[in-house]
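Here we start with a single chain on its own, the form predicted alone, put down as structure tokens.
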Amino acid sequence: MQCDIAVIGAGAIGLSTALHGALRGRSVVLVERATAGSQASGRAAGLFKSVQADELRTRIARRSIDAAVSFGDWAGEPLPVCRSGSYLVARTPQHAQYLRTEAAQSRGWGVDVREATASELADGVGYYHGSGHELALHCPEDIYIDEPVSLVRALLAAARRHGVQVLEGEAAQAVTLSAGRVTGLDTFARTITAPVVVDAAGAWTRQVAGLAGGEVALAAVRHQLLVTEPAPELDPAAPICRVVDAAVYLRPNRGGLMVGGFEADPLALDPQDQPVSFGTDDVPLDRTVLDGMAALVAKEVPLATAGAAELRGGLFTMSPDGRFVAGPVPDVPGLWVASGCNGSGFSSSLGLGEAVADWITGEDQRLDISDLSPARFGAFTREELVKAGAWQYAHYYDPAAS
């Protein structure tokens, strides 16, 4: 097979990159060792968050929200979106000050974020019963995809509609080179000739880059969430709520309440140390961690401690500075990476995939993501990557604790 761009990995970021490449008139082949969305993307919380730590991430996040809401218009496929808005809640003075600072800078970047009164919080988030002393920020732009697989299916259908050849059940076994430059890739079934290969392999990004002798600074860390048993009193249209001092997020799902968060001592799990057959289904889940998260907000959200109908887990790719890793891989011309989700890969996939495709094709970039290039990192040992990635994960919602 021949194409202009070959993408490895059919998660949300890989699918988005492939789709946007095709929309720019390039021939694209997408290879996936299992099925589209079968790894982290299919297990995501589905939350889109407009308030981010820096301007570039904010622009990517807002672009992704806009693209999700208008998906049918530009991609030609339906995508159900819950336009619920969200609330950021701080129960300590330290975190309240952090949120005020974050809100001020976010407003400067164009985000609609407003301080909510205690009564507005109570009315807006019926499942959260606060003390009246919290600081709450209302983010009306925020959305969620109720079932994350909906985005995967919509991206997959749109990609095929626009000419992307999707090869599921074919793992990339080699990235081929000539005179040090990428010439394509091999699966067990075929050789694909392409001047550009995009590594969007999620937790397997480092291994895939290594097939071409490339280095990408990432570590894989487990993330977990649960969905409680259905609760008739829960409003299914209620907004997202993020309790930042507890590093916990909540939203309605499947008649119950989704409860997830970022543990202080996360489990690092490198697929390189696992059998070849290892997949996200094999990530060990720990109910005690999730029960501990629920307990942190049990006073305000009694529903969080209801019985669990579902446990869900996946692997986040964490970078040393907490930002995406996207762009050309140093010293391997033709090899690109689109990874480093840092907890926001699913929700930022539409904007990030667009920006990567623009950069590859030389189109006028709506978003300049050159600051996310993997070249920004020096050499790291695997132990250093794990330590830095775990720190970034543990401080996702709670940077005030640093």
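Since we're looking at a predicted model, the values are computed, not measured. The first residue of the sequence shown is number 1, and the count goes up from there.
We do not show the form predicted together with a small molecule, though everything after this point is about it.
Distance check, residue 322 to the small molecule in the predicted complex, heavy atom within 4.5 Å: Answer no; every heavy atom of residue 322 is more than 4.5 Å from the small molecule in the predicted complex.
Contact test in the predicted complex: residue 44 vs the small molecule, heavy atoms, 4.5 Å: Yes, residue 44 lies within 4.5 Å of the small molecule in the predicted complex.
The small molecule contact in the predicted complex: residue 336, any heavy atom under 4.5 Å: Output for residue 336 is no: heavy atoms all beyond 4.5 Å of the small molecule.
In the predicted complex, residue 223 touching the small molecule (heavy atom, 4.5 Å): Residue 223: yes, in contact with the small molecule in the predicted complex.
Proximity to the small molecule in the predicted complex, single hit among 327, 140, 130, 313 (heavy atom within 4.5 Å): The option sitting close enough to the partner is 313.
Listed residue (200, 219, 197, 159) with a non-hydrogen atom within 4.5 angstroms of the small molecule in the predicted complex: Partner contact (heavy atom, 4.5 Å) among the options: 200.
Which of 328 to 336, 202 to 210, 81 to 89, 113 to 121 lines the interface with the small molecule in the predicted complex (heavy atom within 4.5 Å): Within 4.5 Å of the partner lies stretch 202 to 210.
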